[in-house]
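Both blocks below hold the same protein chain, though in two forms, and each is given as structure tokens: structure 1 and structure 2.
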Structure 1
């Protein structure tokens, strides 16, 4: 009798808890390593003078934020990241667009070309970063020797603070090209080929077809890609470690992520600053995303306003 009662109970309740059995590992990990950190980071950012060892802090306020925005390194980080983004994203996109249109012609030997163009996708920045470091080498680097052919003096790429940003930018462009090219190529290939046939009947040149058909139809993808690249250009870290062993030759090349990393390792009070900096990063990402959503809505609805006003009239 007892057994049947229990069995009934179990049969009744098992289906109800079953979903949770499946879901629980996931929820557990997400709670511990995603949700909790977010909340804690937000709260840490506002706990002023948070002492990592004791857990004591000096009241809730904007102190940490004030601190980082006063910090020379953090300001340097924002400046650098912005410069980097401004240089890497547009140039990278233009080059990727060019490559994508080349690859769109569907010539033979795709395997070889795909390997050559897209290999950087899977390589860790550290591994390939060393080659770049070697190539940038002031004394033996390949880059300098090529430049010397044109009569340019040797540049101490990695030691001269004037050129150190350029090295990161060049690497950034090179490593962003594969992903951008793939995405752009796929967008290009999704355009109905018949559009081009009609344009050809109108005796349109390749350039005109690109400008009036290809580019406009790819705009949504281009915009998304631009934002993705923008966001990731604020997260530069690996190559700094590989090229300079730190944020630039004279610590002049900070990025936000580097700042966070350093703050976490230094002293007992850095945690608050690190948290605040990561919040700043998050706010930036969030606003960029929202901006993207807004732009998409406007882009998709352009031209429709006219109709609506006519209907109301």
Structure 2
């Protein structure tokens, strides 16, 4: 005899829980490898004198945050990371916008250039870093050879602490160009060609069309790229390891991520400091993200007001 009550229950409940059964592996993965580490980091950040071997700590408080902000290395890390982001993000976007404009003209061999721009994205960061390390070599590097043509003396890019930040900024700008160029090119090609046809009928120059049509239409994409590149710029680590084997030639080039790594690597009480530095990094990135979101919202509202005013005119 069939259990009709069970069958009715199964027929009513199973369709509702079936989607969650399919999603359960993914949800479990996110909970274990994303949510739990974040919550654990927050708790460790407030555990004072946490011992990674015994798991003991001396109380809950702001001691770890006070400790890192008293550290000269952490202050240096905040300064270097901020300077790196301020220089790399805007300069990289301007250069990427220039290359995207050239590729958008559909010149001969455009596909080859697009492939060349995309190749660094699928190449190992460490491998590319070693190539750039050779280029930055103070004795026989390519950069010094080019500068010598203009009468510039050899620069010890990797040995002189004065040029440490400049070195990773140059590499950071170069590494940000491929992805930004491809995204900006896609945004340019999605703009309706009718705008340009009408502008040419009004005898608008190429610069005027770029200023009045291309740039405003691409601004939402540019803001999103700024957001993505900003997050990436605060995670500088591989470059330091490949170029200098550490935070600069004289430990003068700490970044926030390197400081976190060093605190985790050295000492049994460094976990709390590393977790506190991670929270500070999160606050930095979140603040910058909220600022960019606000700018994007203001820009979109401005565009809507302009459209309404033109319709009412």
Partner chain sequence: MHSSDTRKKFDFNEFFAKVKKILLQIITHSKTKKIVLYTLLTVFAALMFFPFYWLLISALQRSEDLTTLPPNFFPLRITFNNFITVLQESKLLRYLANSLIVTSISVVCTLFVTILAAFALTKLKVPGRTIIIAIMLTLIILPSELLIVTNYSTIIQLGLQDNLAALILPFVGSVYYVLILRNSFLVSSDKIYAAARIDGASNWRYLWRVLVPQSKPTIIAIVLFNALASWNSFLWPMLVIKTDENKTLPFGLLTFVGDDDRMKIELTMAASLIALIPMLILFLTTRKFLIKAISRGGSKG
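Remember, it's a predicted structure, so these values are computed and weren't measured experimentally. We call the rigid core whatever largest set of C-alpha positions still superposes within 1.5 Å between the two forms. Residue numbers count along the first chain shown, from 1.
Of these two forms of the chain, identify the one that is the form predicted together with its partner chain. The chain shown first - structure 1 - is the form that fits the description.
Verify the C-alpha shift of residue 288 between structures 1 and 2: is it 2 Å or more after superposing the core? Where the cores coincide, residue 288 still shows a C-alpha shift between structures 1 and 2 that is 2 Å or more.
Honestly, after the rigid core fit, is residue 60 moving at least 2 Å at Cα between structures 1 and 2? No; residue 60 is a residue whose C-alpha shifts by less than 2 Å between structures 1 and 2 when the cores are overlaid.
If I superpose the two forms on their rigid core, does the C-alpha of residue 26 end up displaced by 2 Å or more between structures 1 and 2? Result for residue 26: yes, a 2 Å-plus shift.
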